[in-house]
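Next up: a single chain in structure tokens, the form predicted alone.
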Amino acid sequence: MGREEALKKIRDIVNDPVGSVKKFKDNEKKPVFSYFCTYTPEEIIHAAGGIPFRIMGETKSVERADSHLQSYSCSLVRTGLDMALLGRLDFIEGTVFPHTCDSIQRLSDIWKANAKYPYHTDIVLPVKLNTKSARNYLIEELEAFKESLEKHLSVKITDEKLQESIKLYNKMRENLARLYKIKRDAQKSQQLILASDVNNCVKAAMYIPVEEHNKLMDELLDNLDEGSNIDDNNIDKNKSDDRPRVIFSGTLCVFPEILDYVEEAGGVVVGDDMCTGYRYFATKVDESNNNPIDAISDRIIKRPICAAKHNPDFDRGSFLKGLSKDANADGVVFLLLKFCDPHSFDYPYLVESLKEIEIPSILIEAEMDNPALGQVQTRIEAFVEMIRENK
């Protein structure tokens, strides 16, 4: 399998996540457990014999969900609930709701009352993450989650199964980290992979079994590594790449073409701080820890936090500045879902943090069922041009 074939398979998965996971469910005879947030401990679902599947809503008009929700709910909540009410998720065994924002927590109650899947659970994660009591509480919550899956599926989730799942998911995280490095370090004439395809690789990991994703990524990365090592006569090794270098920050990127708008305008996307990006795979589980639940808990505590979490030992502004410096970024695009309160509250502080290192930014707010992509493209083109003129 070559690079283009691997990328096509990944694009097909992302373009039809429901159809893709249904095929794996039918072929492997495994139950599918959906979730909305990357704080979900996928390793536990996998060790129970299930397939974790992230719901990221749909880019379609809402038909039924609005009668159950406030008008200011974000489009992820609205379109995700719509999928359930319209029967588009009838193949799932149930849904896992870790504690994230208030909207997702209230969605859990509505989901349980109206979707009525065989399995439903809430994992009430601690909000403040840097205390000993928070770690002990989180371990208890994950143990309870493991026990509920064991009871529902009539299986035993052994430490051996958890360790094997941890290794597979760590491999997935290593692959994605490798992909990001290749993308960040590539020179202009070595445009080996589009920004949208990098984003698709991350999202595909949330849609299909981890074993299948690892196979696809191994094939893709081997080809990318070969391409990045080619001695191309068109590459001037002594000439610096003068494209404006841009990082994205925010919630989830439902429209990967937004990333490509940067590159079509002559820039390059060199990283991100998003839950459909770097925050998803940034931290691995410690495989040397003989207690896998403890190890999974430690990863949740130590991973880069999102706006819905609080950790006095982790400053999101400093983190974003560090990412920008490491990638030699010239600008940051904040890509937020409209009505996402946690990220909207954090936005002014993050902008001020970037000003400390003189990095400009732009805010793009989008709704999944009404994205106005033409306007988004125009604004991004103007932003890239502004960076170019000031370089």
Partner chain sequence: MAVEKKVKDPEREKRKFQSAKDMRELMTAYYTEAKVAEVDGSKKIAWITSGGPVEPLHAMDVIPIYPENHSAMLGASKMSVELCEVAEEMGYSRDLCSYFRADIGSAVTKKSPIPGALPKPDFLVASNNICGTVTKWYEVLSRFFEVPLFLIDTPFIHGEVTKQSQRYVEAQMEEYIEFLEENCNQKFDRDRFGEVANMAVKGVALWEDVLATCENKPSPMSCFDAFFFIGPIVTLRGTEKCNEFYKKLVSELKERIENNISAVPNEKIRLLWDNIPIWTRLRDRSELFASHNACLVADTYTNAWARSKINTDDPVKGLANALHNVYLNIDFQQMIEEVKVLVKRFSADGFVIHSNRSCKPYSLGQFDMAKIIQEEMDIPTLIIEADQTDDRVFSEEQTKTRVEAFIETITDKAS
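Fair warning: this is a prediction, and the values are worked out from it, not measured in the lab. Numbering follows the first chain given and starts at 1.
Only in words, not in the display: the form predicted in complex with its partner chain, which the text now covers.
- in the model of the complex, do Asn15, Asn214 and Thr251 all reach within 4.5 Å of its partner chain through at least one heavy atom apiece? Checking in the model of the complex: none of Asn15, Asn214 and Thr251 is within 4.5 Å of its partner chain.
- Might Ser108 be said to contact its partner chain in the model of the complex, defining contact as any heavy atom within 4.5 Å? Looking in the model of the complex, residue contacts with its partner chain include Ser108, since a heavy atom lies within 4.5 Å.
- Could you tell me if Arg88 has a non-hydrogen atom within 4.5 Å of its partner chain in the model of the complex? Because no heavy atom of Arg88 falls inside 4.5 Å of its partner chain in the model of the complex, the answer is no.
- Query: Should Lys338 be classed as touching its partner chain in the model of the complex when contacts are defined as heavy atoms within 4.5 Å?
  - Reply: Yes, Lys338 is a contact residue.
- Using a 4.5 Å heavy atom cut-off, state whether Glu140 contacts its partner chain in the model of the complex. Although its partner chain is absent here, Glu140 would touch it in the model of the complex, with heavy atoms inside 4.5 Å.
- Picking from 301-309, 269-277, 241-249, 198-206, which part of the chain touches its partner chain in the model of the complex when contact means heavy atoms within 4.5 Å? Partner-contacting stretch among the options: 301-309.
- Please pick, from Asn289, Ser318, Asn114, Thr283, the one residue with any non-hydrogen atom lying within 4.5 angstroms of its partner chain in the model of the complex. Only one option qualifies, and that one is Asn114.
- Task: Could you spot which one of Leu194, Met172, Ala134, Ala295 gets a heavy atom to within 4.5 Å of its partner chain in the model of the complex?
- Result: Only one listed residue qualifies here, and that residue is Ala134.
- Message: With the partner left out here, which residues of 339-357 have a non-hydrogen atom within 4.5 Å of its partner chain in the model of the complex?
- Response: Contacting residues: Phe339, Asp341, Pro342, Ser344, Phe345, Asp346, Tyr347, Pro348, Tyr349.
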